[in-house]
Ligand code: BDR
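Just the one chain here, the form predicted on its own, laid out as structure tokens.
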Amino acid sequence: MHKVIYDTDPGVDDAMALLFLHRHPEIDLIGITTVFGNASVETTTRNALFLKRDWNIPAPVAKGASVTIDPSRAERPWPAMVHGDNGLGDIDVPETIDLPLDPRPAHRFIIDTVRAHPGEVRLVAVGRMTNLALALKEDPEIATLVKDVVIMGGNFYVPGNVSPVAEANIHGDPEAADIVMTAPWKVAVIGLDVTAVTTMSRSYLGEMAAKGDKAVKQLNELSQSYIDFYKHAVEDGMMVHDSCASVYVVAPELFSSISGAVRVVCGGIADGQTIVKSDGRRFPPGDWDGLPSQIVCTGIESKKVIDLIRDTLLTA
């Protein structure tokens, strides 16, 4: 069993990934930590509690960061045109959910849980990397105790989605992302190189909903405006960014990758750009030297990934 803490900012594609993690028989979802990104942290936390309640997910929810790790960074507007004003495609979600939060802030929840299960916990982070960076800052030793970190973020050989060179999760807190990429733990980066070519059509999701239970039907409903948003890039479908990271946990063989030190540009016109120095490439001394080699996914068997998502979600 893979013990997973899911660090998330629900978010439409976050919701699909959450249901995958909850339902896959080889995954033990031991915690959900929230972060700002697709909406404010108040909204993403409410959404996490809403999905926990409606989908009968036993994992505790801990509320996380509301601002970037560098407090001087200006807040950017929430991407309501992507995920809706309420973060879940503007389906009907109550203002408050009558479920308790874990009393600890998300980064402390991560530290305590990792220390309780040394060498076992996999962090699956599909929003801004702020909670992970805060955990490293408070307790650097957890980098040696985490099994690995799987992130949805970045882009290496394809364009960005919020600037010509940057992906949204990394661009949202570049300093935090650079801390995470350069820490002495094992990171697998599932970025736009693979997620932008992994799409689920409206009809495919509709067929899943017809066969599935209430949770899958609800997922179909909350995804409709997200699919509408993607009409500029996908023919009547959506990119399943965060679910790709969840699939990597159980089926890394469906991905091809390179390895090397990864840095994140902080500031300037390339703010949030992710750059890998591939292992074996030689350069004069520079800012990639002496850093851990991370995994950067560059290829994916998209149809197999989509089918695994479907098969898992239909395992009620």
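What you see is a predicted model, and the numbers here were worked out from it, not measured in a lab. Sequential numbering from 1, following the sequence displayed.
If you look for the form predicted together with this ligand, you will not find it shown, but the lines that follow are about it.
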Based on heavy atom distances of at most 4.5 Å to this ligand in the model of the complex, which listed stretch, 68-76, 238-246, 139-147, 101-109, is the contact stretch? 238-246
The unique member of 135, 88, 177, 152 whose heavy atoms fall within 4.5 Å of this ligand in the model of the complex: 152
Among 198, 169, 223, 113, which has any heavy atom within 4.5 Å of this ligand in the model of the complex? 169
Does the 4.5 Å heavy atom contact test between residue 161 and this ligand in the model of the complex come out positive? yes
Given that the partner is absent here, does residue 47 sit within 4.5 Å of this ligand in the model of the complex, heavy atoms only? no
Contact flag, residue 189 vs this ligand in the model of the complex, heavy atom cut 4.5 Å: no
May I ask you to check whether residue 38 falls inside a 4.5 Å heavy atom distance of this ligand in the model of the complex? yes
Residue by residue through 7-46, which ones have a non-hydrogen atom no more than 4.5 angstroms from this ligand in the model of the complex? 9, 13, 14, 38
